[in-house]
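Take a look at this one chain, the form predicted alone, written out in structure tokens.
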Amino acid sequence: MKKLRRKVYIAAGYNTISLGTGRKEFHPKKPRPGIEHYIKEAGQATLKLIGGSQNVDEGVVGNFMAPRFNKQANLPAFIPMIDPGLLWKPCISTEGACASGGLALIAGMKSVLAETADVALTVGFEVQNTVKAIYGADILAGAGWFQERKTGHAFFFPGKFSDRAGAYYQKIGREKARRGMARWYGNAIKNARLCPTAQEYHNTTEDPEALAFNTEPNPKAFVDNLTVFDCSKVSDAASALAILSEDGLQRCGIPKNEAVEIVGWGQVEADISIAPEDLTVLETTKRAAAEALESAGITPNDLGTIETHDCFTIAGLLATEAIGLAKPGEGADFVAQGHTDRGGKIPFNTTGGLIGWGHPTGGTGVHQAVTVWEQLTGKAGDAQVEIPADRPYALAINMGGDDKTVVAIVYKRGE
């Protein structure tokens, strides 16, 4: 099956600040922006970069749980709120837990491929700091099979990935695993400090890797095998970009070297009601990444940078194995040896990923794409890494739930 019958591009990316604990602007007891603010800020910024709303054919919104976090549904109708010129244009929303943003990208791509749109304005967002963490855990449990909620941990998803970490400890040894996880956290913080919109931008910890390694999990206060440094934070943010055909680029006055081409993708679903066969394997991620790379006609060794879904440090380690960069059980060493550092073999999550930049669940997939666009077009500022001429590709992996819905997309510098 030929997935890409015409060329598809992304351009005009924009991220709001990822607001939550860690940002100096955040105060839990003071009023904060709502979803209208985030959708407008991101959407209007992208419209400015593509020449205005008259150039847009349709809108897509990626979001996970606005009906519960914000008591708001009917999200497609927020697209016209961005600009009066978007009134009466077709819009849809996508939901696939934490992969909702990735699904929004897929939806926009498919419209361009179907030739029903040449320019799709795509916005992903989540505003989650509306409830206390323990109540938020109950809301986020909807990303898993909710029938397990009563028997699951109070902090449902940290409990799920704590179980994965525990299985990984048994497989390769606890200290080795913890060293890799600590290096992952250290990289996340160091990269986030280079990105002004990142949630951990203001983090001043002298040695975040040592802090993470020397902090022991406390099952009485949290979960068995993870600490707070192994977890992404609660975030409010939005990201937006345009998905365009070649005609769309021309309409918007965007040269190809200011855009990034989508050259392959994979979208894979697992059965939400069935537990993973092996907790140390991200099987759905593995399949989605393989499908994306195969459709692009490349191997992992052709990639210049990767954005992966590190909702927890253990997910980052397991992703290196799922992608095929490290053998099973060797992901911790691969990370600990510096291969995923910004100056390593293959820089991961160059603006901090979910742990460092933030994890506004429904917006994360779009944020990953914006980061890739910035890197491949040289617009990443202080967070810029070198993209080798012989490795002009990037991979982004957006995972929903406990490795149940996964979107993987391969990008290439526009030519």
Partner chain sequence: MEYAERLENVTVLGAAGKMGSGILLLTAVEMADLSLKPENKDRKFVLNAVDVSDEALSGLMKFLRDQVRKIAEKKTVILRKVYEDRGDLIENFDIIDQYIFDVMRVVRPTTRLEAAYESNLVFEAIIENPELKVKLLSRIDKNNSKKPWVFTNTSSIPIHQLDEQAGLGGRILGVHFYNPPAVQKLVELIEAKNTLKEIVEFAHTFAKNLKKKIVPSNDFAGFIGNGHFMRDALHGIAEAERLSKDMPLYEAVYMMNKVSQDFLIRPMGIFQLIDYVGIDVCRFIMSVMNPHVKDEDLHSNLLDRMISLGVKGGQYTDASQKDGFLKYEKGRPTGVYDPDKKEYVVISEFQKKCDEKLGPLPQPVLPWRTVIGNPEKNEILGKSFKEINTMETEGAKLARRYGQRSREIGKKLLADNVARCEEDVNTVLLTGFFHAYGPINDYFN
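In this text, all values refer to a predicted model and were calculated from it rather than measured experimentally. Residue numbers count along the first chain shown, from 1.
Although it is not shown, the form predicted together with the partner chain is what the next lines describe.
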item	value
Among the candidates 137, 194, 172, 281, the residue which, in the predicted bound form, approaches the partner chain to within 4.5 Å (heavy atoms)	137
Selected contact from 76, 152, 276, 329, since only one has a non-hydrogen atom within 4.5 angstroms of the partner chain in the predicted bound form	152
The partner chain contact at residue 202 in the predicted bound form, heavy atom, 4.5 Å	no
Contact test in the predicted bound form: residue 68 vs the partner chain, heavy atoms, 4.5 Å	yes
Contact test in the predicted bound form: residue 345 vs the partner chain, heavy atoms, 4.5 Å	no
Partner proximity in the predicted bound form: residue 219 to the partner chain, non-hydrogen atom cutoff 4.5 Å	yes
One stretch from 164-172, 194-202, 142-150, 337-345 that, in the predicted bound form, holds residues within 4.5 Å of the partner chain by heavy atom	142-150
